[in-house]
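The chain below stands alone and is given as structure tokens, in the form predicted on its own.
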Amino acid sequence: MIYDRIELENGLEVLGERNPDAKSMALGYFVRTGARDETPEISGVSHFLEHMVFKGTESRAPERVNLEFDEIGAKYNAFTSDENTVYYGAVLPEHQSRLLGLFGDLMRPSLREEDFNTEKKVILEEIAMYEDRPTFTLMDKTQEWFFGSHPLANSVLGTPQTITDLQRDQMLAYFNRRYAPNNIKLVLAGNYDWESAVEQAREITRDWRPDDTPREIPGVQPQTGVRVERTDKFNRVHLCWIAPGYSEQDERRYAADVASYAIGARRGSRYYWALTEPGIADSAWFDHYSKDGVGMYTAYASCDPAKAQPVADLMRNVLREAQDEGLTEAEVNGARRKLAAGRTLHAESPMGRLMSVGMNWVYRREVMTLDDEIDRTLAVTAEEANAILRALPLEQSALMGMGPLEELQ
């Protein structure tokens, strides 16, 4: 692998992991903005803006955008999270220039009023659709409650009211501030032409102007306890539990990932054997998520309403037992190997490596090879995993139940 990086005059960083033996190339614009960077008045604007980017530019109508992606056989998409908005695509190497030119143009969308009003209806439909998905709705509500006044309490989708009230000029102001070149990384992976990419990126972005794009990274004062969201909309009870974890900047995240996988992987974990395999819960998992300056453990289960309290008790008890008794060497070894295998399989395509390369740089300005990532995972010892578990602050956790449920302890 060959690692490339340059910072252009306007602050845009271009970086990549070059693999001359790859059969494709991928690229993405990583914009360091998401729900946590919004104010309450414009909640959901980051995700709405992601949609608007594909509605065309001054030189390309929406239909032309779709046609050009099809003409070069691109696999492409975008996503918005709490912290990032990423636009990405992959093509055969001979189409690099067209893909880069197309995405570069899209990064300066026209944001036409007519398109804005039309897409607003699409966003409202999407919010309504997700309200019918209990897992998404529950996790969104639990995270909002747990984080309280912290920016990570913000909803990615926003609410029907904030989207309805949002004005095109508010979106434009947000775009001008957050899509400044110094807040964007252009990332490449696979079999790409570096010199050509840099020259083209410089030309595409020559009129982009840097701006002040701060992000608040306050400490978390977690909201704790138990809540019930009673609804007869769903015939199952859904449970979500959250506790503080480790940030993307904290090396302990590797041990937290291994420990949580041993406890809560969808198959073969302690949660699986205690909850899913016996049929007590329909599904159950426990995971660790690292974010900018903060992290969190999250557990989830769905079950028959009559089993809600036993399932909630088991979710807690499995964690307490793991803290008290510790994970075995076999459990830790199995978790390490499965995580390493998953990351290796994911990295077999340039598209898979694109996300790792981009996120490592966005969060830590760190160049990490696949071997680096695998080595750090495999280096986690049982002693380290158990130390992480013992430090897990159960007393700072929040548990929410949603469904045909009256009470929960």
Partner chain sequence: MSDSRLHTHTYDNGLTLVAEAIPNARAVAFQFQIPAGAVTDPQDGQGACSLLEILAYRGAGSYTARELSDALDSLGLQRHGAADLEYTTFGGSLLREDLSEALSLFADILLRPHLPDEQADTAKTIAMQRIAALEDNPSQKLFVYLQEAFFTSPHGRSTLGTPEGIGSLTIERLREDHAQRYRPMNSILGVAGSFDWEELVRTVERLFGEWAGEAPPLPQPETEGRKRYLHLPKEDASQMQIGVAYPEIAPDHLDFYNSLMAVQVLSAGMGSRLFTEVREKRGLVYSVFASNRAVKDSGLVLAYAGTTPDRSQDTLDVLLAELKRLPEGVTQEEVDRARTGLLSTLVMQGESTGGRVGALTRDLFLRGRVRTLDEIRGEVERVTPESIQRHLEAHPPKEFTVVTLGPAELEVRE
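Not measured: the values here are computed from a predicted model. Numbering follows the first chain given and starts at 1.
Omitted here: the form predicted in complex with its partner chain. The next part is about that form.
Next on the checklist: Within 4.5 Å, heavy atoms only: does Glu383 come near its partner chain in the predicted complex?
Outcome noted: No, Glu383 sits far enough from its partner chain in the predicted complex that none of its heavy atoms falls within 4.5 Å.
Checklist entry - Can you check whether Pro134 is within 4.5 Å of its partner chain in the predicted complex, heavy atom basis? => result Yes, contact at 4.5 Å.
Checklist entry - Contact between Thr276 and its partner chain in the predicted complex at 4.5 Å, heavy atoms? => result Flag for Thr276 set to yes.
Checklist entry - With the partner left out of view, is His51 within 4.5 angstroms of its partner chain in the predicted complex by any non-hydrogen atom? => result His51: contacts its partner chain in the predicted complex.
Next on the checklist: Checking a candidate spot here: are Thr118, Lys121 and Ile374 all in contact with its partner chain in the predicted complex (at least one heavy atom each within 4.5 Å)?
Outcome noted: Each of the three qualifies.
Next on the checklist: If the cut-off is 4.5 angstroms on heavy atoms, which of these, Ala173, Met129, Ile217, Ala306, is the one near its partner chain in the predicted complex?
Outcome noted: After the contact test, the surviving option is Met129.
Checklist entry - Looking at Glu71, Asp211, Asp169, Glu325, which has any heavy atom no more than 4.5 Å from its partner chain in the predicted complex? => result None of the other options qualify; the answer is Glu71.
Next on the checklist: At 4.5 Å between heavy atoms, only one of the stretches 200-208, 100-108, 278-286, 250-258 reaches its partner chain in the predicted complex; which one is it?
Outcome noted: Flagged stretch: 278-286.
Checklist entry - Taking heavy atoms and a 4.5 Å limit, what residues of 15-34 are near its partner chain in the predicted complex? => result If the 4.5 Å heavy-atom criterion is applied to its partner chain in the predicted complex, 15-34 yields Asp21, Ala22, Lys23, Ser24.
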